[in-house]
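Next up: just one chain, as C-alpha cells, the form predicted alone.
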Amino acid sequence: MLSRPVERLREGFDVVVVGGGVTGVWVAREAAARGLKVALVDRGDFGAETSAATTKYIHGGIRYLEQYDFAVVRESLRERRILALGAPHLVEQTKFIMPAWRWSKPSAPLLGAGMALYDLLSFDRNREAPASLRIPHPRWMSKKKLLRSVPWLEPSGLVGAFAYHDTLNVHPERLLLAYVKSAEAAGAVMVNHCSADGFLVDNVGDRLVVEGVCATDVLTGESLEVRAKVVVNAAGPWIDRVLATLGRDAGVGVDRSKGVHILTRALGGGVVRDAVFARAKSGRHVIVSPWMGKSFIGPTDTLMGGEEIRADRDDVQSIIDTVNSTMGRAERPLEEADVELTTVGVRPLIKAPGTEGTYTASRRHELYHHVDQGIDNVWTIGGGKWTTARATAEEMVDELFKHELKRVREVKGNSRRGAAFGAFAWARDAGPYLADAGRELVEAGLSTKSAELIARLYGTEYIEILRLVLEDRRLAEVFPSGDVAAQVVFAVSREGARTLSDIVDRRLVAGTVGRVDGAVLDRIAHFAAPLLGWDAVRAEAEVAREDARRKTCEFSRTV
C-alpha cells in the first residue's frame, strides 16, 4: 500500500485531482470506487496542511445555526453519522458542555432553542449505530452538577449548561490516511510530494481545452505530464493559485481563514472528561477538549494576511484570554509558558458579499465548472469542511458523470455505507477488537500504552506492526510518545512517508502530542534512513533540517 508510484502518473486517466487534503482524497476515493481511472497529486504530504490542523471533531457545527446555515448543519449531522460508522476505531462520541452565564449571548433560552433545533436536525443520528456510537438527546445541567464536571469554570453568574454530544476525530491524520488507502485500494494512483505546476492546455479558438496537468516530483525534480479527461482542483485554500496558471479569470474567489490551536496542561487537573465551550463576553469562543492527557484548545478564526502560515503571539494570546475569561480562581490562569505545541491550518472559505470577517462566513461548499469562462475540462471545489468532504466528493463525481465523463461506464457504489481502510467492521463497536489487538501486542512485549495506541491508529493493520516487532525485536524500541520503531518502518515501506515530518507528524502521534527534540528525530531517522536510501551524512542533514524547522514553528521559541 502507498508505494508512491510516481511512474504510473504517465498513464492516461479519466480524472486527475490536485490536492491531497480531505476533500481531494475523498474525490479520488469516490471516483475510483465508481469505476473511474484516477490520479491524485499533492505538493506536500497527504493532509499536511489544513486537514491535519483541525479541532479534532466530526461535527454538525452547532454554531452555524447562529448564521442560519441550516442546510450546512443538516448535511454535517448526516455525514457525522456516516463517517463515525465507517471508522469506529478512530472516532469516539464526546460530550460537549455549553455553559450559560447570566450575561451569555446568545442567552440561555436561545441556547436551549438552538440545542432543540440541533437535536431535531440530527433525527437519524443513531440509525444502525452500535451502543458505543449512539448519541443521546441534549440535556440541561444544573450549576452544581456543572461545577463538579468542570471545576475550572468561573462560578459567578453561572446558571448552568447544556450538554450534547458530537464525534471526536481522535487522530485526524490517521483517519485521512485511512481514506488515502481506501482510494488506492479502489484503484486510484495517489502521489504525495508531487506539485501541479500548471495545466496541459490546447488553445481552440478563444477556449482553453485542458488535457491534464504539468507536474514535478518534488523529491527528485523530475517533470512529467499527467494526462486526464478532466481536472478537479481540490487545493483547498490555494484553489485560486492553481487556477492562476491558466492566465485568465476563472471566476473563483477564496478567503483564507487561519485557525490556530494550542496544546496545554490539562485544565482541571485532568479530571475533566468533556469538551467545554469557553465563550467570552465578546461572543468569541474556543473549545477546550481533553485529549491525550492534555487540553487541546482552539480554534481562532481570522482572515489570513500574507503568505506565512504560522501561529503568532496574538493568535495564542487570543485563545488564552478567551479561556481565562471563563476560568474561576481555583484554576491557575493559562500563560504562554503553558503552551506545549501549536497547530495552524488555513480554511478555504467562499468569498461572499456582506460577510463580516471569516468567523461568520458560511462553511458550505461550491462546485465551479469553468466552461462559462472559456475553460473546458476543469472543475474547482471551493469551501467545505472535514465533516462534509464525503458528500462534497459524491456530488462532484455525480457532476463528472453528467458532463465530461458522461460516456464513461459508471460502477455503482455507495460510500455512505463504506468502511474506512483498516476499520474492523462497518457500524460495529470497535471496543472488543481494540482490546483483542491490544492483548496481542502486549504479549509481544509492548507496553500497554503503546499497544492501545497502535491498535487504535492502525485498526486491522496492527497485525503488520506486530509482525515487524516479532521479526526484529529492535523495532520494539519505544519513543516518549508511545510510538514504536516498527511504526517508522511501516510508515516508509507501506504508507508513503518520505520525510521526517511525514513520519513524525502524520504517521506516528509523536509530533501531535508535544515537542519532538533532536534526539528523538535522530532515533527515528536511524530506522527510516536505510529504507529511504539515506547514508549517514544525509540522515544527519535531514535531522538537522527537521529540528531547525520545528524550532522555527514552535511558538514559545519564536516570540
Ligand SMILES: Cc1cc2nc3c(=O)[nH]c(=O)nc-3n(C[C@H](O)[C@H](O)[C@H](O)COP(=O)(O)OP(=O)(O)OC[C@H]3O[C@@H](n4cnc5c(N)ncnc54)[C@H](O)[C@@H]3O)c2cc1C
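Being a predicted model, the structure only gives us computed values, none of them experimental. Residue positions are given as counts along the sequence shown, with the first one as 1.
Not on display, but discussed next: the form predicted together with the ligand.
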Problem - Options 501-509, 40-48, 529-537, 516-524; stretch whose heavy atom lies within 4.5 Å of the ligand in the predicted complex - result: 40-48
Problem - Distance check, S182 to the ligand in the predicted complex, heavy atom within 4.5 Å - result: no
Handout entry: Non-hydrogen atom contact P88 with the ligand in the predicted complex at 4.5 angstroms
Key = no
Handout entry: K56: touches the ligand in the predicted complex, heavy atom cutoff 4.5 angstroms
Key = yes
Exercise for the section: Give a yes or no for P299: in the predicted complex, does one of its heavy atoms lie within 4.5 Å of a heavy atom belonging to the ligand? Expected result: yes
Practice task
Verify the flagged residues V18, A234 and K385 against the ligand in the predicted complex: is each one within 4.5 Å by a non-hydrogen atom?
Solution key: yes
Practice task
Counting non-hydrogen atoms within 4.5 angstroms of the ligand in the predicted complex, say which of A425, V346, L219, A280 makes the cut.
Solution key: V346
Completion exercise
With the partner omitted here, the residue among P138, G482, G268, G259 that in the predicted complex has a heavy atom within 4.5 Å of the ligand is G259
Exercise for the section: Using the arrangement in the predicted complex, list in sequence order the residues of 164-202 with any heavy atom within 4.5 angstroms of the ligand. Expected result: C194, S195, A196
